[in-house]
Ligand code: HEM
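Encoded as structure tokens, the following chain is the form predicted on its own, with no partner shown.
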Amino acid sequence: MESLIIHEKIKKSRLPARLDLIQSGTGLILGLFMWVHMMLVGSIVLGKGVFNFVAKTMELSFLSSTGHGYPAAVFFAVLVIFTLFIIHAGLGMRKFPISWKQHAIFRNQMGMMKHEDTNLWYIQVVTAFIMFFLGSVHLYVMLTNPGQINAELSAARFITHNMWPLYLVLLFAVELHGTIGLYRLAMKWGWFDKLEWFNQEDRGGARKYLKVLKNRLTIFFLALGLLAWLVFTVIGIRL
């Protein structure tokens, strides 16, 4: 029994909770950024002129007397996102299975439980592994070429630099990871639990409707991303 007694004098560490909060915060920022980024990139669907206008606006061209903008603004924006990406990835790895044995145990338990949210978490693990490599490549390209973002140059990277497979895989990984992550954050921190509309018994609570919203957002952003990917590919082939 003595081994089960928790001594009051032992100070409990708050570090794990603080790290979890930082992980949630960086995940929220990156997830929302992902949606905004997808909308901006998706502007290519409306034409090269629209995409170039968006790109120049991101370079703060409206503050430049020449209208060429400031590529440094893109550089620092990407640097911030890259930093948050590394922090979030590092903190997320604390909860991943770190050996094949742990992975096998988790997969076995997941198969027995057949719990949908647990399956979603596993999708996040897989997509996080993919993003760690492919996302780093994409961010590095943007970091080293901040002044070369327009329809033609971006499309050229698709074909002449053979980046189209990377962007296709990255599209699915980022969208699935980000949207699932935002859904799980909403459930974890109970952001919508106090809203009466979500908590009526006949409506099934917040979880049911957040899943519906998650699925619809996934379909929307994947459709937009695939269409933008196709347009860039066509432009790149015609160059």
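Numbering starts at 1 and runs along the sequence shown. Just so it is clear, the structure is predicted and the values come from calculations on it, not from any experiment.
Just so it is clear, the following notes concern the form predicted in complex with the ligand, a form of the same protein that is not shown.
Looking at Phe220, you'd find every heavy atom of it more than 4.5 angstroms from the ligand in the predicted complex. The ligand in the predicted complex is approached by Ser154, whose closest heavy atom lies within 4.5 angstroms of it.
The shortest heavy atom separation between Leu182 and the ligand in the predicted complex exceeds 4.5 Å. Taking the partner from the other structure, the ligand in the predicted complex has no heavy atom within 4.5 Å of any heavy atom of Lys211.
No member of the trio Gly25, Gly27 and Arg94 reaches the ligand in the predicted complex with any non-hydrogen atom inside 4.5 Å. Judged by heavy atoms within 4.5 Å of the ligand in the predicted complex, the contact stretch among the candidates 157-165, 86-94, 99-107, 113-121 is 157-165. Contacts with the ligand in the predicted complex, taken as any heavy atom within 4.5 Å, map within 30-47 to Phe33, Met34, His37, Met38, Val41.
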